[in-house]
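To begin, one chain is listed below as structure tokens, in the form predicted on its own.
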């Protein structure tokens, strides 16, 4: 019953965020509750923040969960924990790609090109390489226990790089993104240039995407378990 209600909540939140994020106007002087403020340098492109930032956030959340279940596997040697970790890894990789794509679209219309090797762009590219190598490692090892153990250790070591590449490196180096070391615009757009209406939609978007992630994670975990059982029967 709880899952049923969560699906209704997710549907309502995602519908509202998508409609509001696309259709609510950006004006110089917001007067109505559905008006967003004009952010210099971004204009109408500021709306992509409702989709770009949540996908980046879910990447971090997914990789964190992959590490947590990797640790649990090393402690309990339960292959279900490996399946949960693998499910999180797959979704983290997908959301990292989505964050890269939405960020590239933003960069194209804001800075004139899809890619600039900005510190944030470079950092997420490196993370894609790191976690992409993990999938290659998993596919190369046939033994379940050995694959799970190697994957668990790798996911732990890989996540240790995430805080540096996501939160530290982009802030200590000069770049085009808000919040970079050379940023003269008071820092991140989220903290300083949103009015209360825009912040409400932004946090609703984070909430909706987070619920979506956990729903997808459970479905993906179950599909991995079913697929493993089918493969064992075929063998």
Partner chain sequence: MEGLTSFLENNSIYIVLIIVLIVWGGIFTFLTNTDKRLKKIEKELEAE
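Positions refer to the first chain, counted from 1. A quick note: this is a predicted structure, and the numbers were derived from the prediction, not measured.
Only in words, not in the display: the form predicted in complex with the partner chain, which the text now covers.
From the list 128 to 136, 155 to 163, 84 to 92, 69 to 77, the contact stretch for the partner chain in the model of the complex under a 4.5 Å heavy atom rule is 84 to 92. Looking at the partner chain in the model of the complex, residues 48, 226 and 230 each place a heavy atom within 4.5 Å of it. Residue contact check for residue 202: none of its heavy atoms lie within 4.5 Å of the partner chain in the model of the complex. At the 4.5 Å threshold, heavy atoms of residue 207 stay clear of the partner chain in the model of the complex, well away from it. Taking non-hydrogen atoms only, residue 102 approaches the partner chain to within 4.5 angstroms in the model of the complex. The partner chain in the model of the complex is not approached by residue 111, whose heavy atoms all lie more than 4.5 angstroms from it.
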